[in-house]
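A single chain, nothing else alongside it, follows as structure tokens in the form predicted alone.
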């Protein structure tokens, strides 16, 4: 088994699953009916992508773990998602700023993965690209509307950007797993990905009349190596309860 590719696939799947679970908590709580439906659809899109990444990871591992085993039978320290995605929903500015930061990275990441040397990864990325493109357009539009809206919405959106910024650097903080995938032509390099991310974020922030924090600010890290905040444990406790209490239960 290619351990680096397996772990890379877990990271892709874990990112999608954790954010999907987090925003699913808002189902029925959106600020407007249309937005409530949009949030739920994004959650379902990410869950569908999770299944594709986990299915490939399970096949590659060859240990009999399918997508359900990988989702419901791992502990927090075995998850490899970025810390940004496990942060609590907070107010709606917090929710959309977290979404926008991830969507921007995800769009450029998935776009690059369509050219991966691994045909299976390229195929999953190609299938996901239309969804990811919509996600970015939607979250960017909402950041502009909130940032350039009322004084209260502007203040809350700026506060969300300032609070979540320290979690964004982890997406570009490559370790041996990421670098092995870059060297094999499977994944894109960090530098051009970061440059694209910063350029798009800067453009949206300018339109939203928001001040973009310094790209050189200190950044939090650890999620990709299994070191998480307390928030992930609570999220998994709710998500995994049924399968942990009744292993193998089916509808």
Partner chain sequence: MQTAAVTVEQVWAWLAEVADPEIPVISVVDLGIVRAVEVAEGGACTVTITPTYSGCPAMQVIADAVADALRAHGMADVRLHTQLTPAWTTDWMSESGKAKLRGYGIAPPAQQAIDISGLRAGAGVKRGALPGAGPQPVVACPQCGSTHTELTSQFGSTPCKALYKCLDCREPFDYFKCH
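Residue numbers count along the first chain shown, from 1. Predicted model, so just to flag it, every value in this text is computed and none were measured.
If you look for the form predicted in complex with the partner chain, you will not find it shown, but the lines that follow are about it.
Contact check for residue 200: a heavy atom falls within 4.5 Å of the partner chain in the predicted complex. At a distance threshold of 4.5 angstroms between non-hydrogen atoms, residue 182 is out of contact with the partner chain in the predicted complex. With a 4.5 Å cutoff on heavy atoms, residue 107 counts as touching the partner chain in the predicted complex. Contact between residue 123 and the partner chain in the predicted complex is found at the 4.5 Å heavy atom cutoff. Proximity to the partner chain in the predicted complex, taken as a non-hydrogen atom within 4.5 angstroms, holds for one residue of 209, 41, 225, 55, which is 41. Of the residues given (154, 74, 137, 88), 137 alone sits with a heavy atom within 4.5 Å of the partner chain in the predicted complex. Contact annotation for the candidate site: 14, 25 and 95 all lie away from the partner chain in the predicted complex (no heavy atom within 4.5 Å). Screening 59 to 67, 41 to 49, 216 to 224, 183 to 191 for residues having heavy atoms within 4.5 Å of the partner chain in the predicted complex returns a single hit, 41 to 49. Contacts to the partner chain in the predicted complex (heavy atom within 4.5 Å) from stretch 140 to 157: 141, 144, 145.
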